[in-house]
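Presented as structure tokens, the chain that follows is alone, the form predicted alone.
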Amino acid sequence: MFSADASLLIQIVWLILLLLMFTGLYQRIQIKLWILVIKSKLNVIKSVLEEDKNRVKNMLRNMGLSTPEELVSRLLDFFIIEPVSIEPTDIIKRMDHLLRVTESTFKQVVGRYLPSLGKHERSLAESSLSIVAAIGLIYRVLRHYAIQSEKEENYILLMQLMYLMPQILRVVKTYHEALDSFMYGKPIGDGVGPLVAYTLSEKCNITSRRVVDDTSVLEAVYENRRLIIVKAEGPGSNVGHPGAVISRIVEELGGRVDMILTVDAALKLEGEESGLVTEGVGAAIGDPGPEKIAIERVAAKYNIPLRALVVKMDIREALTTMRKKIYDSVGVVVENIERIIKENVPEGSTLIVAGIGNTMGIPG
């Protein structure tokens, strides 16, 4: 009797499974479950966005802006339209122009609302608003695809969203954590390049200082060599324009530069150690293109060797307050710079060392 009941039950289960498969009900149930999960993750991102918007509004109120809602709403959806790429002629020049107009417009808008703040304090407000805008963009794009895929019952798109959600949530949480650093001007992992430049300058005999295009240029003497140290102007949240400045310096010197050495943070691969210092060739700078190509062009024009040192870290370490492992790597990088100079740059020569990255919280 028991075996007959079990056999009947198995047949019923198989019949239900066949009905689900051949009628498409299984897929519809799967879609509904995925939609529920995606919407729950979207609600998490929305709550993070609202929390960070309120934090930035309170920050702006403390800076003297009584009604920050207008500024936040104005810059939250601020966008940049990429240049036409179907015709690549002068695309880098056009991209550089658009990036600089975006940067200057953002600064002008914030400056108009907060005219009494100093340059460095305003930069913290600008960066904080940029972080909230980035979270807002992620939320709006995901919401768009979630609604679209639900309307069209697009199984493939829903599946992609479902499996990408954990990775996207990690990025959102990283931005959320990074906001604290940018609101209070704490050095972040991406500032390892500028910190190396500052540390190196402290060991040298500085002969001149100047600021060009939001970028500090320090000239020094290092063991009978002319050393030009380039970094973004600090201590505000600033990445400067190191590529354009290096190109200008080389042209001013008529190409008489024996080496250009760039130092930057680099995303590590899974399994690699944070703070690992590696050496290579090329321009270590992670901009959209204009700054990097400016260095490459001037180096190729005058046949100047391009050397690079990078400090490995993950995206969370790059955007949040600098960890001890990253800070400890600064001394290792400086030692590597000194070794490269002694091995490859003869006395009486000129070299440029550029610390690439956000110089927030780092003087100079």
Partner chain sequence: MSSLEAIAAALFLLVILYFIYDYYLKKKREESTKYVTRELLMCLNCNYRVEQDFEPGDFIGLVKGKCPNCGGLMKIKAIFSVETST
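Note that the structure is predicted; figures quoted are calculated from it, not measured. Positions refer to the first chain, counted from 1.
From this point on, the text means the form predicted together with the partner chain, which you will not see here.
Only one of Y175, Y198, Y113, Y139 comes within 4.5 Å of the partner chain in the predicted bound form through a heavy atom, and that residue is Y198. For the options R209, K186, R100, R74, the residue carrying a heavy atom within 4.5 angstroms of the partner chain in the predicted bound form is K186.
Segments offered: 298 to 306, 323 to 331, 42 to 50, 57 to 65. Contacting the partner chain in the predicted bound form at heavy atom distances within 4.5 Å is 323 to 331. Shown alone here, E202 lies within 4.5 Å of the partner chain in the predicted bound form, counting heavy atoms only. Interface residue remark: P290 is not counted as part of the site for the partner chain in the predicted bound form, having no heavy atom within 4.5 Å. A residue is said to contact a partner when one of its heavy atoms sits within 4.5 Å of a partner heavy atom; G275 fails this definition for the partner chain in the predicted bound form, lying far away. Put simply, H120 is close to the partner chain in the predicted bound form: some heavy atom of it is within 4.5 Å. In sequence order, G361, I362, P363 are the residues of 335 to 364 having a heavy atom within 4.5 Å of the partner chain in the predicted bound form; the partner itself is omitted from this view.
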